[in-house]
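One chain follows as structure tokens, the form predicted alone.
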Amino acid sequence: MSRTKLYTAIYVVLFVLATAQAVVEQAGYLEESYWLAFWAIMVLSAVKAVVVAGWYQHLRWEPRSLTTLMLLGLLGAVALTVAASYSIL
């Protein structure tokens, strides 16, 4: 039963983070302060990725080299997103 409570709590956390991202996108912050909204969405996305990877993909029990590989992938995704954002402006 405690596992159900844990997964429910993780679901609620992910739901709240996704809702916060949608609020940032829909509230019109992108026109006023693009970079503030950009970094808020990036931080929320990173937190969600860590929660999903840590609990649902069970990276806690994997070797550190695999965790490092995942972090390098995340860094690459952030770098590509930042590079693509310059073409939008």
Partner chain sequence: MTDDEHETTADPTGDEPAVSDGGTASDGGSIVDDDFPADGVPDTPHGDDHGLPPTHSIRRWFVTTNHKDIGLLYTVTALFFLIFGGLLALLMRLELWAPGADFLAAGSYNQAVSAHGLIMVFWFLSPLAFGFANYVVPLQIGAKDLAFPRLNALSYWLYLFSGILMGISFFQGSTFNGGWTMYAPLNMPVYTPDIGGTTTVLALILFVASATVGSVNFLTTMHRMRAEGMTLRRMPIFTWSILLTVWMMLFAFAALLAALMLLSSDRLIGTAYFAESSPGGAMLWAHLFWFFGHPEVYIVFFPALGAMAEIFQTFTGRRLVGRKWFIGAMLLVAIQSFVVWMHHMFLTSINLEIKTLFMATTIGISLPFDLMVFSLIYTMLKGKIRFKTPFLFGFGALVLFILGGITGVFLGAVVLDYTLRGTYWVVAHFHYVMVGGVTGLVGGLYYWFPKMTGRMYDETLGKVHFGMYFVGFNLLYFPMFLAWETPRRVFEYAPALTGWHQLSTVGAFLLGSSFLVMFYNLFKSAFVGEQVEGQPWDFASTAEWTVPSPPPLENFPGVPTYASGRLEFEDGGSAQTDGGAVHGKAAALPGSEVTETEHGGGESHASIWPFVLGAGAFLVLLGLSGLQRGYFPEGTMGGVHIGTAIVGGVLAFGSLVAMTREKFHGPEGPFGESWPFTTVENTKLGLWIFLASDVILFGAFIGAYVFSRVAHGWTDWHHLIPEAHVVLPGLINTYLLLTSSFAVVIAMEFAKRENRLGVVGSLVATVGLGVGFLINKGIEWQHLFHIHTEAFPAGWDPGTNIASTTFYVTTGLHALHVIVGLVIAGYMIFRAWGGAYMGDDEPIEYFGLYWHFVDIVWLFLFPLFYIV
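Positions refer to the first chain, counted from 1. Only the largest set of C-alpha atoms that superpose within 1.5 Å between the two forms is called the rigid core. On a predicted model such as this, the values are computed, not experimentally measured, just so you know.
This protein has a second form, the form predicted in complex with its partner chain, left out of what is shown; the following refers to that one.
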property: Contact test in the predicted complex: Gln26 vs its partner chain, heavy atoms, 4.5 Å; result: yes
property: Residues in 33-55 with any heavy atom within 4.5 Å of its partner chain in the predicted complex; result: Tyr34, Trp35, Phe38, Ile41, Met42, Ser45, Ala46, Lys48, Ala49, Val52, Ala53
property: Per-residue C-alpha change between the shown form and the other one, Val13, threshold 2 Å, rigid core fit; result: no
property: Shift of Leu80 between the shown form and the other one at or above 2 Å (CA, core fit); result: yes
property: After fitting the core, Ala22 CA displacement of 2 Å or more between the shown form and the other one; result: no
